[in-house]
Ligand code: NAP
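Just the one chain here, laid out as structure tokens, in the form predicted alone.
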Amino acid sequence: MSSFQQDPICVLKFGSSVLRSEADLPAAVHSIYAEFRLGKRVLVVASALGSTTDDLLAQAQAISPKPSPRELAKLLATGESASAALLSLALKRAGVRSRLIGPEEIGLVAEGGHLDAHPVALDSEAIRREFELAPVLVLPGFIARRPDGDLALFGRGGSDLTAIFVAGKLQQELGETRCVLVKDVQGLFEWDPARVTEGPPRRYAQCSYADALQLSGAVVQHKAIRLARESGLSFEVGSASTLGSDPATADAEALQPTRVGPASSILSARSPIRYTRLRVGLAGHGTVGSGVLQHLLDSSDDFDVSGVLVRNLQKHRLLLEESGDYDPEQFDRLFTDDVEQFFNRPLDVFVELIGGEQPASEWIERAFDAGLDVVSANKALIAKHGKRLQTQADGRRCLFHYSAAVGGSTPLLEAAKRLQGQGVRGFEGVLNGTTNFILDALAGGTSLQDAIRQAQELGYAEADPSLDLDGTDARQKAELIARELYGSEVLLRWGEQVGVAEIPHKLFGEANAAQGVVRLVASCYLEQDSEDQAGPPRVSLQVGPVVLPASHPLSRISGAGGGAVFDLGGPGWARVFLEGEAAGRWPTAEAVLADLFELRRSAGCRGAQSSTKR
């Protein structure tokens, strides 16, 4: 009987100061994904958007100067409920597998008045069961149920209380839990940094409960701080820029949020890192490239788009005109088909999304020669030339990230990297979302040609999907995962490669009879590890259609999804399972953005400024 390894939990609370409107939802998704790809199960607590609560209160008081607390609680609760639902939808668009949950589903019970209650109970086992269905859960803050079934609210700033109560219970009953209250400031300060007349305040690297209670309750609800003190929970306060960073970096003190707990306060002698916007040059404006460009333009506090390099300027102008997104001034400022002119623009990072070997390889090499960091989603190029390009990047002290090359928004390469050296015996994966979508359509009676056409219309398949259909795409991704898992020197021995176009129709009948599903599975198994032989480890790989029983975790991956199961040696054959959307514009774009945010944090760690680049 296999068991699944349980990842640590991170509770992230997003306040109204960072969720000001629907326009802020993608930024919240980027922050959530940053923690998820570090190997965390994430429970998100969402506040109402912006001034929604105040607006609803004003509406109620305009109708009734003294509204009934019971009715008012139900009205105000709609703000958090709507915000959580919208955030869950934004996560799904980005391909992050998530579930929207409510206080009644997890047994969150409070006692006291309808408008200022106190949490008293939580069903942690219910949350554990929800995490078995999705690695990211979204919970409206501020809201609970009273023992009589009525809604109860936790008072002004009550989402802080929700997050701290839930995190405290999860830590007691499910193990390691991190709690971060995401604000519009990089931690707690001696006084409000906006009060410039008093001079710049020092930031708390560590803050005691007592000192935190001396600060304004506008930053963290005092009732929440007192609850944390009672339960012995340490929590963190910081901005979204502090998420996803590596605590082991030399600049950890400047990167990390303020930690609030029982220890004595420590005022940092160092100011938080003020990130310089990274100047990004983007090559490619296809399905994924256009999504990345939109994210970059929406993240103008973090990134400055210096240019977009395309091979056919007129083609992209016409496509934008047809879609209604054509902005003549922006197009003339950003787009170019002149390679020399593009690389002469001020750049910090080169993002390659054109695919194929050439000119992608030539352009990446040129970027490294210019001292630029590189982000790519080009699995074909990296599978064939990744080792050489990484050597060049290391020689130039540049960073080379390509998370989006495998799994879309499912962080399979990051998982493989974390598992390296932990005795993993192999993996099985559904690595191509296009073919998975097609297989589901074929199982429903759709013809192969119609299934391909549907995939193309939905943005899951390229105009020429031949590398998806014959299994080459899955093969290339399997090679990249194997190299992350067993090291770049691993010896790969390939067996058969069978694509979806070669699947006999009778296989679907066999699947129906067995109450299973047909999936195109890439498998990799360790033949000998380095302890049993003089040379590097050897693995055998193959790609082909398989009938999976309903009990197999990969069988639950549907549509354009993807995922993998890693088998670890030892008692119980512990298994690590990840899944998400593996194809489409937004899932792949999310992975590219995650790499870019990691580079931005790394630039702070390395002390890199734009002036050090060309």
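Start at 1 and count along the sequence shown; that's the residue number. This one's a predicted model, so the numbers in the text were calculated from it and none came from an experiment.
The protein also exists as the form predicted in complex with the named molecule; that form is not presented, and the subsequent description refers to it.
Trainee: Since exactly one of 361, 287, 472, 124 fits, which has a heavy atom within 4.5 Å of the named molecule in the predicted bound form?
Mentor: Looking at the other structure, the residue within range turns out to be 287.
Trainee: Between 387, 311, 345, 129, only one gets a heavy atom within 4.5 angstroms of the named molecule in the predicted bound form; which residue is that?
Mentor: By the 4.5 Å heavy-atom cutoff, the listed residue in contact is 311.
Trainee: The named molecule isn't shown here, but in the predicted bound form, which of 295-303, 202-210, 173-181, 352-360 has heavy atoms within 4.5 Å of it?
Mentor: That would be stretch 352-360.
Trainee: Even though the partner isn't displayed, in the predicted bound form is residue 98 close enough to the named molecule, meaning a heavy atom within 4.5 Å?
Mentor: No, no contact at 4.5 Å.
Trainee: Under a 4.5 Å heavy atom criterion, is residue 316 part of the interface with the named molecule in the predicted bound form?
Mentor: Output for residue 316 is yes: heavy atoms within 4.5 Å of the named molecule.
Trainee: With heavy atoms only and a cut-off of 4.5 Å, decide whether residue 47 touches the named molecule in the predicted bound form.
Mentor: No, residue 47 sits far enough from the named molecule in the predicted bound form that none of its heavy atoms falls within 4.5 Å.
Trainee: Using the partner position in the predicted bound form, report whether residue 221 sits within 4.5 Å of the named molecule, counting heavy atoms only.
Mentor: Residue 221: no contact with the named molecule in the predicted bound form.
Trainee: Sequence order please: the residues of 370-391 with a heavy atom within 4.5 Å of the named molecule in the predicted bound form.
Mentor: Result: 377, 378, 379.
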